[in-house]
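Given next, in structure tokens, is a single chain: the form predicted on its own.
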């Protein structure tokens, strides 16, 4: 058992926002706004800012035009300005820091850094809250925006999964420098090889998953995940995606890890997007991480049925396959 470093606990509050790169900006915008039902709140240069109807921030997803798909930046919100400064100092001391910027739309000063695999990240505290215009105001004062009934109508940003060369190194980075808690993991070869780690700074089961890249590449995105209220909404999403000609890669089905109900699809820019619900919350301060081995993990689908090979090999940006691959496994 590795020692737990709790000195950083609580400095990161939650996943704040994601920037997604797309070589098909108009088609990607159609997918997220018309098909998934997210609201466009701002446009700037080659970027469009969106949000789900239940997101409390002015924006949680940015689409930015780029030559290749992938993750542009992962934003973590700190619990206070002091917490952001502490994490920035720790990241700089560890050689992971890049530096402070003035921020962008709806976010104040951001400290930029990279994880051991090179994924670009930032931490910030100042954030503009969403104020709905009259036509989008809900009669529920505790709901940021009314349910507009457009497309899938996703509620909020939930999590993301990234691929990496070295899961233990990235997992320790998240635990020791960001204060994340490990909730579940997958260990192969009698526990000697860590294939995946599911972590969170909050009671949400996971807001970040690290899984080994079968192509031995670095800095790639497996998927981003958007939340809907229940599994019937996931089933309805499958109908809506199919009616709009969107390829569904896997699901609807249920994971064993996290217990989440899901489907995976590719948005027109090439990035994988998960529609997600269910899962479980972790309140216990002394939670013991759940560990799965090869036999217990199986296909990773609780109801059976193998995932397609693309689910394990495809990520953005694409990479060439190496001569030797790791064993097949699931992630979520």
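Positions refer to the first chain, counted from 1. On a predicted model such as this, the values are computed, not experimentally measured, just so you know.
As for the form predicted together with another copy of the chain, it is not shown, yet the points below apply to it.
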{"item": "Per-stretch contact check against another copy of the chain in the predicted complex, the hit in 98-106, 111-119, 68-76, 245-253 (non-hydrogen atom, 4.5 angstroms)", "value": "245-253"}
{"item": "Contact test, all of 27, 47 and 132, partner another copy of the chain in the predicted complex, heavy atom 4.5 Å", "value": "no"}
{"item": "Partner proximity in the predicted complex: residue 13 to another copy of the chain, non-hydrogen atom cutoff 4.5 Å", "value": "yes"}
{"item": "4.5 Å heavy atom contact, residue 292 to another copy of the chain in the predicted complex", "value": "yes"}
{"item": "In the predicted complex, residue 180 touching another copy of the chain (heavy atom, 4.5 Å)", "value": "no"}
{"item": "Exercise: residue 198 in contact with another copy of the chain in the predicted complex, heavy atom 4.5 Å", "value": "no"}
{"item": "Stretch 256-272 - residues with a heavy atom within 4.5 Å of another copy of the chain in the predicted complex", "value": "256, 257, 258, 259, 261"}
